[in-house]
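As C-alpha coordinates, one chain now follows by itself in the form predicted on its own.
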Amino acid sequence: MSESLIIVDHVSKKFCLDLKLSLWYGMKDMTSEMLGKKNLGHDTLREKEFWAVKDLSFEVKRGECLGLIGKNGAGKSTMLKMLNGLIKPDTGRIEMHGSIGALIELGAGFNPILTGRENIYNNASILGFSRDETNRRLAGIIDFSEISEFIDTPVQYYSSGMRVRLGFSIATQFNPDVLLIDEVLAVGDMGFILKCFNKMDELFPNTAIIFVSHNMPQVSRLCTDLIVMAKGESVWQSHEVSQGISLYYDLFELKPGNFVGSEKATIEAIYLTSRDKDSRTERSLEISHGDELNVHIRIRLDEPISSPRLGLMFYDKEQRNFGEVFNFGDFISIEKAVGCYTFIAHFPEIQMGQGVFSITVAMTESSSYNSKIVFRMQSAISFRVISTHHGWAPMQFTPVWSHVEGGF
(Lines give C-alpha, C1' and ligand atoms only; values in the text may rest on other atoms or scores of the structure.)
Protein backbone atom coordinates (compact mmCIF):
# COMPACT_ATOMS: atom_id res chain seq x y z
CA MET A 1 0.00 0.00 0.00
CA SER A 2 1.04 3.60 -0.61
CA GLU A 3 2.41 5.50 2.33
CA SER A 4 0.42 8.28 3.98
CA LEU A 5 2.23 11.57 3.42
CA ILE A 6 -0.42 13.77 5.08
CA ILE A 7 -2.14 12.83 8.34
CA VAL A 8 -4.63 15.22 9.92
CA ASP A 9 -6.05 13.98 13.22
CA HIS A 10 -8.97 15.89 14.81
CA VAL A 11 -7.52 19.29 13.96
CA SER A 12 -9.26 22.51 15.02
CA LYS A 13 -8.36 26.17 14.67
CA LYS A 14 -10.18 29.18 16.08
CA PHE A 15 -9.88 32.90 15.48
CA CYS A 16 -11.12 35.97 17.30
CA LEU A 17 -13.29 38.65 15.68
CA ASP A 18 -11.81 41.39 17.87
CA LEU A 19 -8.17 42.39 17.25
CA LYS A 20 -7.43 43.55 20.81
CA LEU A 21 -8.96 40.44 22.34
CA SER A 22 -7.06 38.30 19.81
CA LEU A 23 -3.74 39.84 20.90
CA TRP A 24 -4.65 39.38 24.56
CA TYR A 25 -5.61 35.74 24.05
CA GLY A 26 -2.37 35.18 22.11
CA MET A 27 -0.26 36.58 24.96
CA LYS A 28 -2.09 34.42 27.50
CA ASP A 29 -1.66 31.29 25.39
CA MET A 30 2.07 31.91 24.81
CA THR A 31 2.61 32.50 28.53
CA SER A 32 0.80 29.27 29.35
CA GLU A 33 2.91 27.34 26.87
CA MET A 34 6.15 28.84 28.23
CA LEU A 35 5.10 27.78 31.74
CA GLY A 36 4.45 24.27 30.43
CA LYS A 37 0.75 24.22 31.24
CA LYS A 38 -1.04 21.39 29.44
CA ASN A 39 -4.66 22.54 29.66
CA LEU A 40 -4.71 25.74 27.64
CA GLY A 41 -8.45 25.75 26.98
CA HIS A 42 -7.90 25.47 23.22
CA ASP A 43 -10.91 23.16 22.88
CA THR A 44 -13.40 25.81 24.01
CA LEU A 45 -14.40 29.16 22.58
CA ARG A 46 -13.78 32.39 24.45
CA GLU A 47 -15.56 35.69 23.94
CA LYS A 48 -15.83 36.66 20.22
CA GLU A 49 -14.00 33.54 19.05
CA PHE A 50 -15.22 31.19 16.32
CA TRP A 51 -14.05 27.93 14.81
CA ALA A 52 -12.36 28.43 11.42
CA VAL A 53 -11.69 24.67 11.30
CA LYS A 54 -13.41 22.24 13.66
CA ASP A 55 -12.41 18.60 14.32
CA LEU A 56 -11.15 17.77 10.82
CA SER A 57 -9.48 14.42 10.12
CA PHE A 58 -8.14 12.88 6.91
CA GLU A 59 -5.16 11.13 5.34
CA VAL A 60 -3.67 11.57 1.87
CA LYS A 61 -1.38 8.91 0.44
CA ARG A 62 1.14 9.13 -2.34
CA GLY A 63 -0.73 9.04 -5.66
CA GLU A 64 -3.90 10.55 -4.20
CA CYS A 65 -5.46 14.00 -4.56
CA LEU A 66 -7.83 15.32 -1.92
CA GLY A 67 -10.13 18.16 -2.91
CA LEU A 68 -11.34 20.64 -0.30
CA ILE A 69 -14.46 22.44 -1.53
CA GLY A 70 -17.10 24.65 0.04
CA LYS A 71 -18.32 28.22 0.19
CA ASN A 72 -15.96 31.11 0.89
CA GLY A 73 -15.15 31.14 4.59
CA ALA A 74 -15.64 27.39 5.00
CA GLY A 75 -12.11 26.94 6.37
CA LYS A 76 -10.32 25.53 3.32
CA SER A 77 -7.48 28.06 3.13
CA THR A 78 -7.03 27.98 6.91
CA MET A 79 -6.54 24.22 6.70
CA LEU A 80 -3.94 24.62 3.95
CA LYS A 81 -2.04 27.22 5.97
CA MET A 82 -1.88 24.80 8.91
CA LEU A 83 -0.62 22.05 6.60
CA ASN A 84 2.10 24.37 5.31
CA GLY A 85 3.13 25.39 8.83
CA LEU A 86 2.14 29.04 8.48
CA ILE A 87 -0.21 28.78 11.47
CA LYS A 88 -0.49 26.10 14.15
CA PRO A 89 -3.66 24.23 15.10
CA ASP A 90 -5.27 24.80 18.48
CA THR A 91 -6.13 21.12 18.90
CA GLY A 92 -5.28 17.92 17.06
CA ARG A 93 -2.24 16.62 15.24
CA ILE A 94 -0.78 17.16 11.76
CA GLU A 95 1.90 14.95 10.23
CA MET A 96 3.60 15.92 6.95
CA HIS A 97 6.16 13.58 5.39
CA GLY A 98 8.62 14.51 2.67
CA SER A 99 9.20 17.80 0.85
CA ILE A 100 6.32 20.24 0.47
CA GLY A 101 5.48 22.47 -2.48
CA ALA A 102 2.76 25.01 -1.79
CA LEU A 103 0.88 27.67 -3.70
CA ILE A 104 -1.76 28.69 -1.22
CA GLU A 105 -1.81 32.48 -1.39
CA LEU A 106 -0.99 34.88 -4.18
CA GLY A 107 2.54 36.19 -3.63
CA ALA A 108 3.03 34.27 -0.38
CA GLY A 109 6.71 33.52 0.23
CA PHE A 110 7.93 36.18 -2.18
CA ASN A 111 10.01 39.16 -1.10
CA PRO A 112 8.57 41.95 -3.28
CA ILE A 113 11.81 43.98 -3.48
CA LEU A 114 13.86 41.00 -4.70
CA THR A 115 13.89 39.85 -8.30
CA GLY A 116 12.19 36.70 -9.53
CA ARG A 117 15.56 34.96 -9.78
CA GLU A 118 16.50 35.91 -6.20
CA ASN A 119 13.12 34.70 -4.94
CA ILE A 120 13.70 31.35 -6.63
CA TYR A 121 16.89 30.86 -4.60
CA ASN A 122 15.15 32.04 -1.40
CA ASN A 123 12.22 29.66 -1.83
CA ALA A 124 14.50 26.78 -2.80
CA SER A 125 16.56 27.23 0.36
CA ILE A 126 13.39 27.22 2.45
CA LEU A 127 12.44 23.94 0.79
CA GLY A 128 15.84 22.56 1.81
CA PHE A 129 17.61 22.56 -1.54
CA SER A 130 21.24 23.57 -1.92
CA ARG A 131 22.40 26.32 -4.26
CA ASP A 132 23.96 23.73 -6.58
CA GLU A 133 20.64 21.84 -6.81
CA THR A 134 18.80 25.10 -7.46
CA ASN A 135 21.29 26.01 -10.19
CA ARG A 136 20.57 22.70 -11.92
CA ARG A 137 16.82 23.35 -11.83
CA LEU A 138 16.89 27.10 -12.45
CA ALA A 139 16.53 26.95 -16.23
CA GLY A 140 13.56 24.59 -15.94
CA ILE A 141 11.83 26.85 -13.41
CA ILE A 142 12.28 29.94 -15.56
CA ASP A 143 11.28 28.12 -18.74
CA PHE A 144 8.10 26.70 -17.18
CA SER A 145 7.08 30.07 -15.75
CA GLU A 146 7.37 31.73 -19.19
CA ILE A 147 8.57 35.00 -17.62
CA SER A 148 12.27 34.85 -18.58
CA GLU A 149 12.06 38.42 -19.89
CA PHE A 150 11.19 39.66 -16.39
CA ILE A 151 13.09 37.18 -14.20
CA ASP A 152 15.54 39.88 -13.05
CA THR A 153 12.75 42.39 -12.31
CA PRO A 154 11.59 42.92 -8.71
CA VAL A 155 8.51 40.79 -7.96
CA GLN A 156 6.59 43.86 -6.76
CA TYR A 157 6.22 44.83 -10.42
CA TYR A 158 4.81 41.45 -11.45
CA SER A 159 1.15 41.03 -12.38
CA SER A 160 -0.93 38.50 -10.43
CA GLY A 161 -0.63 36.05 -13.32
CA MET A 162 3.16 36.37 -13.38
CA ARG A 163 3.37 35.71 -9.65
CA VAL A 164 1.25 32.58 -10.02
CA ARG A 165 3.45 31.38 -12.89
CA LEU A 166 6.61 31.80 -10.84
CA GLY A 167 5.08 30.39 -7.65
CA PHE A 168 3.71 27.28 -9.37
CA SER A 169 7.01 26.71 -11.18
CA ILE A 170 8.97 26.80 -7.92
CA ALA A 171 6.42 24.62 -6.12
CA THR A 172 6.47 21.87 -8.76
CA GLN A 173 9.89 21.83 -10.43
CA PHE A 174 11.53 20.35 -7.31
CA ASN A 175 9.19 17.33 -7.55
CA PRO A 176 7.70 17.67 -4.04
CA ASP A 177 6.26 14.75 -2.11
CA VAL A 178 3.33 16.94 -1.03
CA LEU A 179 1.72 19.62 -3.21
CA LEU A 180 -0.75 22.15 -1.78
CA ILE A 181 -2.70 24.19 -4.34
CA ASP A 182 -5.27 26.86 -3.48
CA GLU A 183 -7.63 28.81 -5.73
CA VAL A 184 -4.76 31.01 -6.99
CA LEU A 185 -4.66 29.10 -10.30
CA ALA A 186 -7.90 30.88 -11.18
CA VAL A 187 -5.96 34.05 -12.06
CA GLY A 188 -3.84 32.32 -14.70
CA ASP A 189 -4.64 32.33 -18.40
CA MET A 190 -6.09 29.23 -20.04
CA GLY A 191 -2.83 28.13 -21.64
CA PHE A 192 -0.90 28.20 -18.38
CA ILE A 193 -3.72 26.48 -16.44
CA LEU A 194 -3.59 23.58 -18.91
CA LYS A 195 0.18 23.50 -18.51
CA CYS A 196 -0.22 23.37 -14.72
CA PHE A 197 -2.65 20.45 -14.87
CA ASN A 198 -0.35 18.55 -17.21
CA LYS A 199 2.47 19.07 -14.70
CA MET A 200 0.26 17.85 -11.84
CA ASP A 201 -0.62 14.78 -13.90
CA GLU A 202 3.12 14.16 -14.25
CA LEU A 203 3.70 14.53 -10.50
CA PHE A 204 0.57 12.64 -9.47
CA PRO A 205 1.91 9.05 -9.13
CA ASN A 206 4.60 10.10 -6.63
CA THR A 207 2.90 12.99 -4.88
CA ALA A 208 0.11 13.59 -2.37
CA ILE A 209 -1.93 16.59 -3.55
CA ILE A 210 -4.45 18.77 -1.75
CA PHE A 211 -6.44 20.90 -4.16
CA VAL A 212 -8.76 23.77 -3.19
CA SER A 213 -10.95 25.17 -5.95
CA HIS A 214 -14.42 26.45 -6.82
CA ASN A 215 -14.04 25.08 -10.34
CA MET A 216 -15.90 21.75 -10.27
CA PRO A 217 -14.77 20.48 -13.71
CA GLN A 218 -11.17 20.90 -12.50
CA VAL A 219 -12.00 19.19 -9.21
CA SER A 220 -13.62 16.23 -10.98
CA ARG A 221 -10.64 15.98 -13.33
CA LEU A 222 -7.96 15.86 -10.65
CA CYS A 223 -9.34 14.67 -7.31
CA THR A 224 -9.57 11.08 -6.08
CA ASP A 225 -11.20 12.05 -2.77
CA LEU A 226 -13.30 14.98 -1.64
CA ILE A 227 -14.22 16.85 1.53
CA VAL A 228 -17.11 19.32 1.46
CA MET A 229 -16.63 21.93 4.19
CA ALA A 230 -19.13 24.32 5.74
CA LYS A 231 -18.44 26.67 8.66
CA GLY A 232 -15.13 24.95 9.39
CA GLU A 233 -16.50 21.42 9.57
CA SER A 234 -16.57 18.48 7.20
CA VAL A 235 -20.17 17.91 6.11
CA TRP A 236 -19.27 15.19 3.59
CA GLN A 237 -16.14 13.13 3.01
CA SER A 238 -15.68 10.27 0.54
CA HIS A 239 -13.96 9.02 -2.61
CA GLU A 240 -17.28 9.42 -4.48
CA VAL A 241 -16.25 12.74 -6.03
CA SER A 242 -19.40 13.22 -8.13
CA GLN A 243 -21.64 12.96 -5.06
CA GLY A 244 -19.54 15.54 -3.24
CA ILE A 245 -19.75 17.97 -6.17
CA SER A 246 -23.52 17.57 -6.24
CA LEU A 247 -23.67 18.36 -2.52
CA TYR A 248 -21.43 21.39 -3.07
CA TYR A 249 -23.90 22.78 -5.58
CA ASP A 250 -26.71 22.26 -3.07
CA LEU A 251 -24.96 24.68 -0.70
CA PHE A 252 -25.86 27.54 -3.05
CA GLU A 253 -29.33 28.89 -3.68
CA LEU A 254 -29.48 30.28 -7.21
CA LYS A 255 -31.84 33.25 -7.11
CA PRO A 256 -33.13 35.13 -10.16
CA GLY A 257 -31.34 38.38 -10.91
CA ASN A 258 -32.97 41.78 -11.12
CA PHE A 259 -35.07 42.72 -14.13
CA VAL A 260 -33.09 45.38 -15.99
CA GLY A 261 -34.54 47.34 -18.89
CA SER A 262 -36.96 49.94 -20.15
CA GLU A 263 -40.68 50.27 -19.45
CA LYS A 264 -41.51 49.06 -22.94
CA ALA A 265 -41.76 45.38 -21.99
CA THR A 266 -41.68 43.03 -19.03
CA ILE A 267 -41.65 39.30 -18.29
CA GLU A 268 -44.98 38.27 -16.78
CA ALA A 269 -44.08 34.61 -16.30
CA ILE A 270 -41.35 32.11 -17.09
CA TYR A 271 -41.34 28.40 -16.29
CA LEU A 272 -39.97 25.09 -17.53
CA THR A 273 -41.58 21.78 -18.45
CA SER A 274 -40.23 18.37 -19.36
CA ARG A 275 -42.65 15.55 -20.10
CA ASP A 276 -44.74 15.26 -16.91
CA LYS A 277 -42.67 17.75 -14.91
CA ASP A 278 -43.51 21.42 -14.45
CA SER A 279 -41.52 24.08 -12.59
CA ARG A 280 -44.72 25.97 -11.77
CA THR A 281 -45.69 23.31 -9.24
CA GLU A 282 -42.20 22.38 -8.07
CA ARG A 283 -39.53 24.58 -6.51
CA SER A 284 -37.05 23.56 -9.21
CA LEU A 285 -37.11 21.36 -12.27
CA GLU A 286 -34.98 18.22 -12.29
CA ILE A 287 -34.44 16.41 -15.56
CA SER A 288 -32.23 13.58 -16.77
CA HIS A 289 -29.54 13.91 -19.40
CA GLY A 290 -31.24 13.38 -22.76
CA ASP A 291 -34.69 14.55 -21.64
CA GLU A 292 -36.57 17.28 -23.48
CA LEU A 293 -36.81 20.80 -22.07
CA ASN A 294 -39.42 23.45 -22.80
CA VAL A 295 -38.94 27.09 -21.83
CA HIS A 296 -42.26 28.96 -21.50
CA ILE A 297 -42.08 32.76 -21.52
CA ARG A 298 -44.97 35.22 -21.26
CA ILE A 299 -44.04 38.80 -22.19
CA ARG A 300 -46.13 41.97 -22.03
CA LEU A 301 -45.36 44.76 -24.49
CA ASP A 302 -46.50 48.13 -23.11
CA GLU A 303 -45.14 50.14 -26.04
CA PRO A 304 -44.61 49.34 -29.71
CA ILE A 305 -41.15 47.84 -30.31
CA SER A 306 -39.38 47.82 -33.64
CA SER A 307 -38.40 44.28 -34.63
CA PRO A 308 -38.18 42.76 -31.12
CA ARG A 309 -35.88 39.76 -30.80
CA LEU A 310 -35.72 37.32 -27.88
CA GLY A 311 -32.53 35.64 -26.69
CA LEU A 312 -31.85 32.80 -24.24
CA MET A 313 -28.38 32.46 -22.67
CA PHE A 314 -27.42 29.29 -20.79
CA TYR A 315 -25.02 29.51 -17.80
CA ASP A 316 -23.48 26.82 -15.61
CA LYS A 317 -23.22 27.07 -11.81
CA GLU A 318 -19.97 29.02 -12.09
CA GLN A 319 -21.93 31.54 -14.22
CA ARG A 320 -20.00 30.73 -17.37
CA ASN A 321 -21.98 31.31 -20.55
CA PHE A 322 -21.70 28.10 -22.61
CA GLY A 323 -24.72 28.27 -24.93
CA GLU A 324 -27.06 30.78 -26.52
CA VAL A 325 -30.23 30.97 -28.62
CA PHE A 326 -30.55 34.01 -30.88
CA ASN A 327 -32.48 32.63 -33.87
CA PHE A 328 -35.88 33.57 -32.44
CA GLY A 329 -36.58 35.96 -35.32
CA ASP A 330 -36.13 33.17 -37.87
CA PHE A 331 -39.29 31.49 -36.61
CA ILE A 332 -41.50 34.10 -34.92
CA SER A 333 -42.11 37.77 -35.72
CA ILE A 334 -43.82 39.89 -33.05
CA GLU A 335 -46.09 42.64 -34.36
CA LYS A 336 -45.49 46.17 -33.17
CA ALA A 337 -48.82 46.19 -31.31
CA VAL A 338 -48.84 46.19 -27.53
CA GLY A 339 -50.21 43.21 -25.63
CA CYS A 340 -49.20 39.88 -24.12
CA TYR A 341 -47.32 37.19 -26.01
CA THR A 342 -46.47 33.66 -24.90
CA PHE A 343 -43.60 31.74 -26.47
CA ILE A 344 -42.27 28.21 -26.03
CA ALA A 345 -38.71 27.20 -26.88
CA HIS A 346 -38.58 23.41 -27.29
CA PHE A 347 -35.29 21.55 -26.88
CA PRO A 348 -35.89 17.90 -27.90
CA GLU A 349 -32.82 16.48 -26.13
CA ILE A 350 -30.77 18.17 -23.41
CA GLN A 351 -27.04 17.48 -23.82
CA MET A 352 -25.86 19.24 -20.65
CA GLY A 353 -23.86 17.27 -18.10
CA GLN A 354 -24.94 16.83 -14.52
CA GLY A 355 -25.24 19.99 -12.46
CA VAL A 356 -27.34 23.11 -12.06
CA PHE A 357 -27.86 25.48 -14.98
CA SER A 358 -29.64 28.81 -15.38
CA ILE A 359 -31.24 30.63 -18.28
CA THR A 360 -30.90 34.37 -18.79
CA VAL A 361 -33.61 36.00 -20.92
CA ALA A 362 -33.08 39.18 -22.91
CA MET A 363 -34.99 41.14 -25.55
CA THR A 364 -33.45 43.51 -28.08
CA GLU A 365 -34.98 46.10 -30.36
CA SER A 366 -33.61 46.42 -33.86
CA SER A 367 -33.52 49.42 -36.13
CA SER A 368 -31.85 50.22 -39.42
CA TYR A 369 -28.88 51.62 -37.46
CA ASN A 370 -28.27 49.36 -34.46
CA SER A 371 -29.72 47.00 -31.89
CA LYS A 372 -30.34 47.92 -28.26
CA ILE A 373 -31.49 45.98 -25.21
CA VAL A 374 -35.13 46.30 -24.18
CA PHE A 375 -34.71 44.14 -21.06
CA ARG A 376 -32.46 41.51 -19.54
CA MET A 377 -33.05 39.17 -16.59
CA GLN A 378 -29.99 37.27 -15.39
CA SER A 379 -30.66 33.69 -14.20
CA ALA A 380 -34.38 34.14 -14.77
CA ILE A 381 -34.94 30.43 -14.12
CA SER A 382 -32.79 27.39 -13.34
CA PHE A 383 -32.88 23.60 -13.62
CA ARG A 384 -30.85 20.59 -12.55
CA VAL A 385 -29.60 17.85 -14.86
CA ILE A 386 -28.91 14.45 -13.31
CA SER A 387 -26.83 11.67 -14.80
CA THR A 388 -25.23 8.48 -13.54
CA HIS A 389 -22.47 8.14 -16.13
CA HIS A 390 -21.31 11.63 -17.13
CA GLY A 391 -18.72 14.06 -15.84
CA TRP A 392 -19.04 17.71 -14.85
CA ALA A 393 -18.24 19.52 -18.11
CA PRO A 394 -21.20 21.74 -19.11
CA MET A 395 -21.84 19.70 -22.26
CA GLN A 396 -21.93 15.89 -22.40
CA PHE A 397 -22.46 14.48 -25.89
CA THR A 398 -24.05 11.13 -26.71
CA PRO A 399 -22.73 9.96 -30.09
CA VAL A 400 -23.84 6.80 -31.82
CA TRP A 401 -20.86 4.47 -31.45
CA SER A 402 -19.91 1.71 -33.85
CA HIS A 403 -17.17 -0.89 -33.82
CA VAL A 404 -14.98 -1.59 -36.82
CA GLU A 405 -12.85 -4.71 -36.88
CA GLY A 406 -9.17 -4.23 -37.56
CA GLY A 407 -7.08 -1.09 -37.56
CA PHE A 408 -7.40 2.19 -39.39
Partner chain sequence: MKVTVYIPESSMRSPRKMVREMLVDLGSSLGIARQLTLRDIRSQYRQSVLGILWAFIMPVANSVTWIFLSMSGIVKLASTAIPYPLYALSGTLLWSVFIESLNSPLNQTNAAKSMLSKINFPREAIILSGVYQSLFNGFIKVILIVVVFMIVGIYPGWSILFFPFAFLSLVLTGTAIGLMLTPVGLLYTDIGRFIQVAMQFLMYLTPIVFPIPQSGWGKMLFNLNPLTQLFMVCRDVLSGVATNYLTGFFIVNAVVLLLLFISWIIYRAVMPIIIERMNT
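Residue numbers count along the first chain shown, from 1. Treat the numbers as computed from the prediction; the structure is a model and nothing was measured.
One more form of this protein exists, namely the form predicted in complex with its partner chain; it is left out here, but the text below deals with it.
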| property | result |
| --- | --- |
| 4.5 Å heavy atom contact with its partner chain in the model of the complex for all of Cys16, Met27 and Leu86 | yes |
| Stretch in contact, per heavy atom within 4.5 angstroms of its partner chain in the model of the complex, of 302 to 310, 235 to 243, 123 to 131, 266 to 274 | 123 to 131 |
| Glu95, heavy atom within 4.5 angstroms of its partner chain in the model of the complex | yes |
| Contact flag, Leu23 vs its partner chain in the model of the complex, heavy atom cut 4.5 Å | yes |
| Contact test in the model of the complex: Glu33 vs its partner chain, heavy atoms, 4.5 Å | yes |
| Its partner chain contact at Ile181 in the model of the complex, heavy atom, 4.5 Å | no |
| Listed residue that, although its partner chain is not shown, lies within 4.5 Å of it in the model of the complex (heavy atoms), from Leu114, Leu222, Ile193, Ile142 | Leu114 |
| Contact residue in the model of the complex, from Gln156, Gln319, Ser284, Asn135 (heavy atom within 4.5 Å of its partner chain) | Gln156 |
